[in-house]
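Single chain ahead, written as structure tokens, the form predicted alone.
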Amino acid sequence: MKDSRPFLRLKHVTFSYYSVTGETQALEDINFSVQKGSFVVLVGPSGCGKSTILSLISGLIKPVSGDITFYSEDFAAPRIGYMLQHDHLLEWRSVYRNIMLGLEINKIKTAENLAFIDELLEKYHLSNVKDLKPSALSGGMRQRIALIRTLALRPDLLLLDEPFSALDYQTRLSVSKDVYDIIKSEGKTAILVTHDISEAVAMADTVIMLTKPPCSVKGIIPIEFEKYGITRDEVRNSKLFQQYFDEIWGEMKNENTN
């Protein structure tokens, strides 16, 4: 029987920043769960705390109150991969040596893990650029390489903090689709932060809407294109896409006004 327990759960999570001028509450009573293998997107106004939630999930910071729990059958701590807005590729290293950087840092540059990198590059048609320097690549290609670098460490959970926002619109559409396809093909659980509602609808299995600070969950919308026989290649041209967009925009427009 399939286990219904969520892979990740945030329960009554609160977080505040402290400075010499006092306390600023960023998050208030955040509650949501993420099923294994799902693609969850957090949307909300700029500065509402989306990136703070990712930092809490990754363990970079701790909540003031509440619980963040993971479930796994072997009770092992999850491996978490982080993909940021900027690719942070090292210009003096080749693409291949950039991808293996995490293996070097973690002292796991084994023959098996290097073979896995070769497999990823071949599978996603990137072998032809592995000897190039990052400066020879387009912005979109650099983000694809950044994703492969993250996958090389075999993470259980991918956190994506607006990784497409520095790209032009046309490139953003192409790269976001490629990243979605790769993550789904690898069976990974992912949480994406974005302020782009169209991007959220096109990529998400679930959209979690957040309020202005102090941030709380305004609503959770399951995105069910597959239920109606609509493939992810077709979503942006479907009436259902517009319906989801309008529903989320209707909920969020008051949060985006000053």
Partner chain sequence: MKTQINSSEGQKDYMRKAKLHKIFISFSRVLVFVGFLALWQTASSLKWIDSFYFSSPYAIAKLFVHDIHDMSLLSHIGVTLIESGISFLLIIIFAVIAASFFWFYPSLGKMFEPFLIVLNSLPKSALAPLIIVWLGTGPRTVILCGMSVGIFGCILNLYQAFEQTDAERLKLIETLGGNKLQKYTKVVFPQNIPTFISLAKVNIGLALVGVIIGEFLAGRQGLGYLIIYGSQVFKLDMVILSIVILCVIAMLLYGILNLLNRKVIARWQ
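Numbering follows the first chain given and starts at 1. Just so it is clear, the structure is predicted and the values come from calculations on it, not from any experiment.
From this point on, the text means the form predicted in complex with its partner chain, which you will not see here.
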{"item": "Location of its partner chain contact in the predicted complex, chosen stretch of 145 to 153, 112 to 120, 162 to 170, 177 to 185 [non-hydrogen atom, 4.5 Å]", "value": "145 to 153"}
{"item": "Its partner chain contact in the predicted complex: residue 104, any heavy atom under 4.5 Å", "value": "yes"}
{"item": "Contact test in the predicted complex: residue 91 vs its partner chain, heavy atoms, 4.5 Å", "value": "yes"}
{"item": "Touches its partner chain in the predicted complex: residue 69 (any heavy atom, 4.5 Å)", "value": "no"}
{"item": "Contact flag, residue 124 vs its partner chain in the predicted complex, heavy atom cut 4.5 Å", "value": "no"}
{"item": "All of 192, 197 and 223 with a heavy atom within 4.5 Å of its partner chain in the predicted complex", "value": "no"}
{"item": "Sequence-ordered list of residues in 216 to 244 near its partner chain in the predicted complex, where near means a heavy atom within 4.5 Å", "value": "none"}
